[in-house]
Every structure is written in structure tokens, then in C-alpha cells.
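A lone chain, given as C-alpha cells: the form predicted alone.
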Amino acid sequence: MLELYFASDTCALASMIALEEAGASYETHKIDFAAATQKAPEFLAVNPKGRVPALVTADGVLTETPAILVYIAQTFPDAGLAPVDDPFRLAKVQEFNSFICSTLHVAHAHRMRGYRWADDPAAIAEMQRKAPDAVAENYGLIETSMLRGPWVMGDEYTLCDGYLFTLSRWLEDDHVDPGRFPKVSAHRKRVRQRHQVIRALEREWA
């Protein structure tokens, strides 16, 4: 059985949503960041990075959200979470998810985790000040050129949608007005109404 290590209110929700969408049988292990359990030897033995998500499979451990998401799509192809038989369309899914992971999520992280990039308190404060603008710039790109229809890839729900939803939940916390991005806001509401997503949210906070 698959095992997902996660923490509440983190990007690990995207993997949990994908597992629910796939109808996968899986167990969860909750990591408590407030108690620093991500630094515990037991978890570091699973993921030496000390971060979530981490997915334990029969073949080994996977980390990094884009890798976990495409693994789920390819392991459960009947769920239709990605066009696994179309190299170009699958690459477009990966392109979007890579943007979320490497650009949008990093911009968001500058608000809370500037210590990863600087030691100078003034530099960290400047990162925090700049974070809302950087986050908003990325959502501007999604709004105008990446969100192709009711779902990210157009008419079909894919891995991208749960991932975008996971981060767009943080718009207000990032001091960005969701009203600036009506398509993203409508997408967030649309994804939130899916029963698989509701189950994932309930499991995240159980």
C-alpha cells in the first residue's frame, strides 16, 4: 500500500488530492512542523530533505510534488489524471506543474522562509516585502496565458488542477487580492467543490 507523509496546509495536499482522484488505497503519516517532527530521525530516514510530501511506494520513496503527481497518474491511468500516452500533452502538464513548483511556490516561500536564502534580517525583510508582488506576478501569468479553460489544461481535469488549487488557497495569506484574478478564483471554487478534494481536505485536517 502507498504511504503519504504530509503536513497540514502544505503543498502535500496536491498529492493527497491526486491519490483521492485516482481512487488509490493509501495510508497517511502526519508530520507536525510546529513540533519539528520533520527533523526527527524516523522521518529523515524516509526523506533526508526533511520536507513533505514523501510517497512510499513498493519500489522506493518519491519526493517532490511534480514527480509524485506524474507517478500517480501513470500508476492509475484509468483515472485520466494526465495524458500519459501523449508525450507532448504530458510534457505540457509537467511544464505547468514545474512552474508551480519552481517559481510560484518559491515566491510564496519568500514570505515565510527567507532564511533559506539570506541571513541578513534586512534582506529577509525585503524578501517578505517583495513576496506579494512576486506571487501576484505569477498568478498574472496563470490568469492570462496558462489557464486554458474551466481546468488548467482546458476541458479535462488533470493533475495540474489540484496543484494550482493547493497554492491558490494561500492567496490571501500572501496578501494578494484574489479578485485581481477572476479565472484563478473561479478555478479555486470549482476544484473545492469536487468530492475527492473535499475528502482530501478532511483527511488533511483530521
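One rule holds for the numbers: they count along the sequence shown, beginning at 1. Here the structure is a predicted model, which means the values were calculated and not measured.
One more form of this protein exists, namely the form predicted in complex with a small molecule; it is left out here, but the text below deals with it.
Interface residue among Glu137, Asp173, Asp177, Glu64 relative to the small molecule in the model of the complex, by the heavy atom within 4.5 Å criterion: Glu64. The stretch among 178-186, 8-16, 21-29, 193-201 whose residues place heavy atoms within 4.5 Å of the small molecule in the model of the complex is 8-16. Remark: His105 counts among the residues lining the small molecule in the model of the complex, judged by a heavy atom distance of 4.5 Å or less. Interface membership of Lys39, defined by any non-hydrogen atom within 4.5 Å of the small molecule in the model of the complex, is confirmed. Interface membership of Cys101, defined by any non-hydrogen atom within 4.5 Å of the small molecule in the model of the complex, is confirmed. For the chain shown alone, Gly50 is a contact residue for the small molecule in the model of the complex, at least one non-hydrogen atom being within 4.5 angstroms.
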